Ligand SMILES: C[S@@+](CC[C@H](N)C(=O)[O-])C[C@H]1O[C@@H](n2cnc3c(N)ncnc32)[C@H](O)[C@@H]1O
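First comes one chain, alone, set out as structure tokens in the form predicted on its own.
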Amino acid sequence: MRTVDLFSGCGGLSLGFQKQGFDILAAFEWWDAAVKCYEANFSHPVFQIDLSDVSKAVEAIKPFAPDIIIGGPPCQDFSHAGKRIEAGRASLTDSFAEIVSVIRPKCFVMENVDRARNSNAYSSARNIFKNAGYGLTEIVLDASRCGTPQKRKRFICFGMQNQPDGFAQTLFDKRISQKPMTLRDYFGNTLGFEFYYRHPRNYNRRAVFSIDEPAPTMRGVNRPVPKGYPGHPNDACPVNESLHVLSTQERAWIQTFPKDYIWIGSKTDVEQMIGNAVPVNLASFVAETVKLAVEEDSRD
């Protein structure tokens, strides 16, 4: 299927769909660091464009005549890590919906943080999708049950023209694993450590994890163990000076990016790109489900 990726970031969603045979024709992203990183890893073009300008965006996207539009509008304004308010960036969700409604591909996939499902921004975008004639399958996926060793929850809205709402729910449900994937399941014994530190949002949360459980969500920051860390009753082991802290590369691997993926930019930018990205294997799981739904629709 002819595919374009909006708000593509460093390319996690694109790579997952590409792995399932989708023909990614172009990507669109505004952040210059992510554009450079994306450009280094894909042969198709990536355009640096402000997608909040819907008419300009439509003009740039329309020549590609996509069968499917995929993308993840910026989620900071209604993410767990933010202040839980919706500000200007959340309107980019509307921009995504308006672009889809004008170009009218056969289907689209929009992903975001799990709590976006209950946001005003999504409610507005949902109305735009419905008015454009799309049936919607709306589901929150736990990445650890979709081939990714990380307990990361993402909201997926999969729309297809002339379908009832919930049309692909059964396909998703059948493919979701009953067992969450641990780091050991994914990496075997190749990591060289058993426990590691992941800086918590606050000290009411644990910070030390075992490779025999899914990793917590990879966030956009990566900090060493602070001298004042008090420990937590649920930490997987006591904190000591030799406790492993995940490297930038290890965080990218836990996001299921391949080892040869090229990272370009400052350490801060790369950490942010990794934290913002859709895990490649989660994207691949969604892409395969989309493919099955499209095949099912073509048989009807």
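Numbers for residues come from their place in the sequence shown, where the first is 1. No experiment lies behind these values; they were computed from the predicted model shown.
This next part talks about the form predicted together with the ligand, which is not shown.
Between the options Val58, Val239, Ile49, Leu246, the residue in contact with the ligand in the model of the complex by a heavy atom within 4.5 angstroms is Ile49. Residues placing heavy atoms within 4.5 Å of the ligand in the model of the complex fall in a single listed stretch, namely 25 to 33, out of 61 to 69, 25 to 33, 246 to 254, 228 to 236. Among heavy atoms of Asn276, some come within 4.5 Å of the ligand in the model of the complex. With a 4.5 Å cutoff on heavy atoms, Leu92 counts as touching the ligand in the model of the complex.
The closest heavy atom approach of Leu13 to the ligand in the model of the complex falls within 4.5 Å.
Taking the partner from the other structure, the ligand in the model of the complex has a heavy atom within 4.5 Å of a heavy atom of Pro74.
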